[in-house]
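In what follows, one protein chain appears twice in different forms, each by itself as structure tokens: structure 1 and structure 2.
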Structure 1
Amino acid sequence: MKRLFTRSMITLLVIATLAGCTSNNGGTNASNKTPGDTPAAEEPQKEPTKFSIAMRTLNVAYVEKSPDINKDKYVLELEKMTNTDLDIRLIPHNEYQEKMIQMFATNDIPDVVQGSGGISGPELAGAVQNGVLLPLNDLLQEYGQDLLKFIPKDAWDRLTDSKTGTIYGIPEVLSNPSRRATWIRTDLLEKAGKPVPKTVEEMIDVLRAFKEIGVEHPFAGRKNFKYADTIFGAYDVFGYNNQFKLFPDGQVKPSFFDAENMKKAIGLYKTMHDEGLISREFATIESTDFRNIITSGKAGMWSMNANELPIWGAQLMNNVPTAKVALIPSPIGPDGSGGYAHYNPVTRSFFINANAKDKAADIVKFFNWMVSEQAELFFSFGIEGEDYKVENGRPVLEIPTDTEGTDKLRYLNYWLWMVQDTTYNKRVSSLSETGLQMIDAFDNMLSKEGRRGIEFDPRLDALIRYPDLNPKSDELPPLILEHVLRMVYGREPVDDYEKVLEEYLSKGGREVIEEATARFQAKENAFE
């Protein structure tokens, strides 16, 4: 009897659990439907297109704090405007590559996948080559005319297989690829009695003056020269993934093969290190420390993305009320130019799963809507009547100053707006003083500076074979970086730089150069 009781209890429990699970599922399904159903009930329109989309959180606080992004009111509003029913699957920013590869490996691919650049980015794990994603040429011709008009050719090129001419993704573009800028504390400059430095020599001079008046970090250094590569830029020796150059001997090599300029650049960094113009421990300064050093007013000069001006500027002023900061033309080197490595013209890209063929037309229409007037207004300001008012036919928005408000704007302007020119948000930026400064810097200064090289996408096979020679998008290849840092820290003489190049050649570098030259001559997915 007792046994019977136990057994029946267990059976009951199992049934209850199962029922619980299913009813739960039913519950979410039902609530998922509600937003879609309401407009359908009001208008005799067709059913909203339901599709899933994987999106990287991009460290956007609003997204990461949201309890359920699919129930967020802006997502619901977006669905209403585009007659869709989105199922957004968030991918954590820092584990983006791993999670994406997992997704492909387990074949759990949503209808739309967000990539971070071209068709052969590591996060796509070769999905394009293996036919997992849908060719879009015909669909774009039919449903994406606005996209074709809005997005420039060099962005489309990144998403096109150059051999067959097949377009695989819809890019979000960066019309001004010169995004990083040189920043300086003008109040300190005044105090030191120096003019804005124009050349690297003048820059060193200013840094010394900063040191004299007691600035702790005259130039803010950072691990692996990330966002601290101003001098390499002046001498045009970045050596990053998109910084191959055609040398006079007819070979395509990484730009750090310009030994003469490279030695001068390393020499300057060494001077800065020896004189304490850059932190002596910059080799271990991580991004958060870097930001803290700057926004707490300890740095005199640094490099950062120009579109951070409104945010970093405000934080700096909060901590040091007398601080004044400006974006200045980057110090120039011997060839009369300078600046930072140009970015890829594509920031995000959206691919459609080959299995979602029957929804693909509606998905393309959804992205086509992204470049419309209505979309621009919505993503810039939010919901009318709630976030902004229309007065005399013109939208009026009060620029938020609190974290919550800025977070929300950043989310709308930058994250939820999937296809746009992401250089800066024109409508919002033109409403504030720092915003106008930033627009001015982008349009009149940054667009004229920066270094551009040859980029191979997909990456050279030789670079994949030799990880030590493989540069990151903004870091020298590990082998070179190690030697350069040792030279700056005085462990190796700078004059030995030629030996480093020989080492590079002997450890696989010859193959890199041969392959680069051959691909450049054949114009095979090589971008200039």
Structure 2
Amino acid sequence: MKRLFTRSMITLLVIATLAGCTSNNGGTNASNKTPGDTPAAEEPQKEPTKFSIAMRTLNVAYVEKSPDINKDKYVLELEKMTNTDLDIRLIPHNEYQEKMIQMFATNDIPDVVQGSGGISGPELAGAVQNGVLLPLNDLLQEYGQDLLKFIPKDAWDRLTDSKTGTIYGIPEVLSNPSRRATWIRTDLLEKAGKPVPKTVEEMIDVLRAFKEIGVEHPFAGRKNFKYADTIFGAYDVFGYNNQFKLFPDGQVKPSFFDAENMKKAIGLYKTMHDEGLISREFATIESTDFRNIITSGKAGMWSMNANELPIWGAQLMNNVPTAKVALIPSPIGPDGSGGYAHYNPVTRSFFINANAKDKAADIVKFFNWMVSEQAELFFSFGIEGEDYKVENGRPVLEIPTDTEGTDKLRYLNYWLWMVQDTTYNKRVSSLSETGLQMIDAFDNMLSKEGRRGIEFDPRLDALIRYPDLNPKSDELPPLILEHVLRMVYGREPVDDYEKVLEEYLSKGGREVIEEATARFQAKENAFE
């Protein structure tokens, strides 16, 4: 139980007023500022640069509850430090792709647009190819040298047209692609008298034991298997856009073409559904309800990003003081491996509208500031004197344990900090027991698990031509997903899965496979 999350440790940390971080960085006093950190100080006479920016809410409660994010005191502080005047336009998390496409279709495009990854994501609606977005090479050379040094090449590659070498976006990076983890309530595990499950069979055994002791959601399911794809991971059949595989016949296909393992995975989900180990309504559970189920103490086991451990753990224990939660190795399948689909090295990206050319230099400076020490301190701890204080030249933060405080910290650490290594916040995480457990999980467990496939970026043309075959970043293609859900719900036989593959092939799948194989062999924007 090395990673055990105990309330006593959190309480101890709060009472102890917390140690300062190991860095000797001070607060935001003028004496601590560095020239590169303070554009406003460098150009005090200049008017703030006004620009609009479209940002996905990312299901961040603080953002979604804000009456006006543009009047939020942290946004105002950010504007003060960067000499900007932001007009943030929120895109609802669950309507992101539709709203983005609508935005480009109506030509109502802000000065800066947040993408979800590379230059050809469906949310961009072909904006790069249509010349809507500004090439950034020269601007980065002149105003973004810190960005160029901070962001690794493989992340820049995702924002670059490989044929011309033109960079179109500024990426937020993820240095550890294995981000999602398997979580378990260890207090319930102890009550059920079970060890930590290592295989999918042991996982089912634990879920049955959870049900016997009255756990309402032994496994927390979610719509379209998002953050509920543990079994698909054990059998290596995710089928997402970055989960193509080279099959023995020499063809590159989506991983769900491994029919034998796919049927085993679907069969286990059906067992979980039939026995009530996963909610019978899981196929309609949205992200907010999913989170509420877990943090209210109704779930025994689930999947979520590991960097949420300090915040979700604190909220869970606020509601259920006896709760203990741990990140555990994901259950393994027949090949001895498991885990979740690796992320690509870019989690968010930011593009500048070609019509905003006159202010583009200042916009690049804004993002360049994001990788400064001053930015790291602000986004980690907040406003000096309000959220933290400086003692002996070191910032001292009282880590919040209530929902309001943890939501605010997540907003600062994660959402408002637009360009960073988003694997975890080292400054804040190093201050708490759960944070240290999370770091240990990333460095020593998650780095050794997960599934990495072949990804095509830009997407295959055939996938764009056939929307029913086009997977989202972490969802099966609509055609496959619909049949899989019907099988789990008992409306189609699992043994008919080969017929589903035949339908996929007949509706454009052959073109998908032919194009995938050709691009992989030609090494044309095929990432492994």
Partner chain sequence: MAGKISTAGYSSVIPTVRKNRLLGFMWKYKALYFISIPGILYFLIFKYVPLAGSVIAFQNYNLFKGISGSPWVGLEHFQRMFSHYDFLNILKNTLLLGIYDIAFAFTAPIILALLLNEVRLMLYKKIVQTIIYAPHFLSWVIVSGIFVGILSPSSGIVNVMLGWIGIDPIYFLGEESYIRSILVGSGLWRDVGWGTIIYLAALAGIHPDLYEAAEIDGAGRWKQTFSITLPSLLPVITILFLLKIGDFLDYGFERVFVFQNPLNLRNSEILDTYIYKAGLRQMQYSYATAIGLFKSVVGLFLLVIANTLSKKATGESLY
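Here the structure is a predicted model, which is why all the values come from computation and not from measurement. Counting starts at 1 and follows the sequence of structure 1.
Requested in this report: Just flag whichever of structures 1 and 2 is the form predicted alone.
Outcome: If we ask which form is the one predicted alone, the answer is structure 2.
Query raised in the report: Hinge check: of 496, 397, 258, 343, which sits where one rigid part gives way to the other between structures 1 and 2?
Result: Looking at the options, the one at the hinge is 343.
Report task. Measure the rotation of the smaller rigid part relative to the larger between structures 1 and 2 and give it in whole degrees. Result -> Domain rotation angle comes out at 17 degrees.
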